[in-house]
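One chain is shown next in structure tokens, namely the form predicted on its own.
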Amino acid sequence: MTPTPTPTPTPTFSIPPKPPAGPIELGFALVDERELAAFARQERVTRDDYLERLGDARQCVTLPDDAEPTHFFLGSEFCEHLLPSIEAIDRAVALCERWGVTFGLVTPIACDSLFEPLRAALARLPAGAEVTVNDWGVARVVQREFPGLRPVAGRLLGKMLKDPRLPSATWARMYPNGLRAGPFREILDNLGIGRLELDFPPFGAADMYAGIDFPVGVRAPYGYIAKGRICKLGSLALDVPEKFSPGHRCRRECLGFSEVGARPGTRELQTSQRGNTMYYRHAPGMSAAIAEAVANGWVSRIVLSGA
């Protein structure tokens, strides 16, 4: 296994912390609806339950002492084939009511054929449930047709450079993100989006979240690098003419297998590919930076999710 480096953070600049806004919110994001069975008998969930689901990756997470579960999410950000079934959504909503936490449906980039099943799924959500949107068209549907739901901008909408092969912080600073840009904020406001979900990039620093005039949540301990429409694992069993092409039948191979990337001799972050998406896992220094951002009030929610 390639040693996981600790990226050097970028130099910080003076930004005052926000005043404390209460305990940090803590969510857990589940993609595979079959794993709901593991939660079904629990009368309540704890932070240890959430951390346990991360396996070895829990070592890459640092949570504040007051972080207790407030949210539970179901669904995929990256693939339309993984939209949860109606039955799974109903079970998840019932579990959240039992646990006293807020339910959130996570939605992917949407092709035209997804909108009908997506509307059926949104209709099952209780008022006040969150919808993580990663597609501007989905955001518009939520705003116009489901005003009782609360849309959250997913991390596919918050663009930033996240290449785990970056050799130094200098390269990271050359391509700043546009999260503080007025037009970006205007788009979110016009769609009724009240919260933003982001990754922590390689060579990031705690104050990268400072000055964003929006409640910010961070996904941990995996960041996504890139996604496409081609599913490498899903193509392996296909004939050559169909291999590595979109549109074939999905057998959800990604829920059982992932590909781990490693290039000996490099200092890049540990990477993996699941389905059509590539991820990097946080190094310990990244976890410490997120904790610093939480302590300064720049991040108000941590969402634990696998890769």
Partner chain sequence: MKITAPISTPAEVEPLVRAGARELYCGVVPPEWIRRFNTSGVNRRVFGNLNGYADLERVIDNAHTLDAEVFLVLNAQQYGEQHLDALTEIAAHFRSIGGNAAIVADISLIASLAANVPELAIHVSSVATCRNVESARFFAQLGARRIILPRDVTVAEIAAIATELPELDIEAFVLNDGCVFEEGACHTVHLPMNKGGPICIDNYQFEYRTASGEAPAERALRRLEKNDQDYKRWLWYRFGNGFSVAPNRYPWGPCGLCAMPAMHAAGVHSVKIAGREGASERKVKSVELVHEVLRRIEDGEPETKVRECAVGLRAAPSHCASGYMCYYPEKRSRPEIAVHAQPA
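Here the structure is a predicted model, which is why all the values come from computation and not from measurement. Residue numbers count along the first chain shown, from 1.
The form predicted in complex with the partner chain exists for this protein as well; it is not shown, and the discussion that follows is about that form.
Chemist: Please identify, from 58 to 66, 36 to 44, 23 to 31, 244 to 252, the stretch that has a heavy atom within 4.5 Å of the partner chain in the model of the complex.
Modeler: That would be 244 to 252.
Chemist: For the three residues Leu122, Pro284 and Arg301, which mark the spot I'm curious about, does each lie within 4.5 Å of the partner chain in the model of the complex through at least one heavy atom?
Modeler: Answer is no for this spot.
Chemist: If the cut-off is 4.5 angstroms on heavy atoms, which of these, Pro176, Pro147, Gly128, Gly100, is the one near the partner chain in the model of the complex?
Modeler: Exactly one listed residue reaches within 4.5 Å, namely Pro176.
Chemist: Go through Gly104, Pro164, Pro151, Pro84 and name the one with a heavy atom inside 4.5 Å of the partner chain in the model of the complex.
Modeler: None of the other options qualify; the answer is Pro164.
Chemist: Check Asp112 for me: does it contact the partner chain in the model of the complex (non-hydrogen atoms, 4.5 angstroms)?
Modeler: Flag for Asp112 set to yes.
Chemist: Taking the partner chain as it sits in the model of the complex, is Val218 near enough to touch it, meaning that at least one heavy atom pair lies within 4.5 angstroms?
Modeler: No, Val218 sits far enough from the partner chain in the model of the complex that none of its heavy atoms falls within 4.5 Å.
Chemist: Although the partner isn't part of this model, could you tell me whether Lys232 comes within 4.5 Å of the partner chain in the model of the complex, counting any heavy atom of the residue?
Modeler: So Lys232 counts as contacting the partner chain.
Chemist: With a 4.5 Å heavy atom cut-off, would you call His71 a contact of the partner chain in the model of the complex?
Modeler: Result no; His71 lies far from the partner chain in the model of the complex.
Chemist: Out of 124 to 138, which residues reach within 4.5 Å of the partner chain in the model of the complex, heavy atoms considered?
Modeler: Residues within 4.5 Å: Asp135, Trp136, Gly137.
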